[in-house]
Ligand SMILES: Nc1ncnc2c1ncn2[C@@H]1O[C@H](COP(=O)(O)OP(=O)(O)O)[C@@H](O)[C@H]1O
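In the block that follows, a single chain appears as structure tokens, in the form predicted alone.
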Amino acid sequence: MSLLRLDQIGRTYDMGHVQVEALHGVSMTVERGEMVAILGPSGSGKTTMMSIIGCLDRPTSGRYELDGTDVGSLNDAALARIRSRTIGFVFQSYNLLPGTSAMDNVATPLLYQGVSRRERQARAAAALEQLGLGHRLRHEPSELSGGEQQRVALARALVTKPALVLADEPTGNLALHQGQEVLALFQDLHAAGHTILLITHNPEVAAIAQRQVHLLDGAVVDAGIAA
């Protein structure tokens, strides 16, 4: 069974006097252990697709299955649970809590799962150690470089042991060498068995994926072939 399956997904936004079709007829699958890039220019529907895959928005039409669950059948509370337990988000802007240590930032998702404080701290420290930040556990975001902040964001995405890591323009705010380091981390995580979905407009970022799904004007124009 595929980890992720979109079947004829459509999303239309009602803007009052006009309806805007952001996605139409989008179908794709992601297998467990795959690294896939969704590639497209600004306005192609990438953000809408990410929001639907991340259970932050609902499609207007079509069927979305994630880890064997029909997402369309879930109420808001169930959607929140699947977001927190099944998906690890990595955002372009990091979305770290200011004035909060790297370890506490990484531990935050576990708080919503009812994990004890001792276990939260142990798992957060282990995730940061894995990404080479064991010496920065107590540092706040303002004390970290952009590359280090993205590593903290990636550790936070991994700490819940999600089925899917969903990364939106993960190198968008980084200098070239920092971006290359982050992409190397994604490659290492994929080699270790993680399922990763990259959302990007950058062909160089997409090039690290096994497969590229090209999106244009809200439709998949090329679903790619696994390398």
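Residues carry their position along the shown sequence, with the first being 1. This one's a predicted model, so the numbers in the text were calculated from it and none came from an experiment.
The discussion below concerns the form predicted in complex with this ligand, not included here.
Contact with this ligand in the model of the complex, judged as any non-hydrogen atom within 4.5 angstroms, is confined among 60-68, 159-167, 177-185, 37-45 to 37-45. Heavy atoms of A22 reach within 4.5 Å of this ligand in the model of the complex, making it an interface residue. In the model of the complex, M15 approaches this ligand with a heavy atom inside 4.5 Å.
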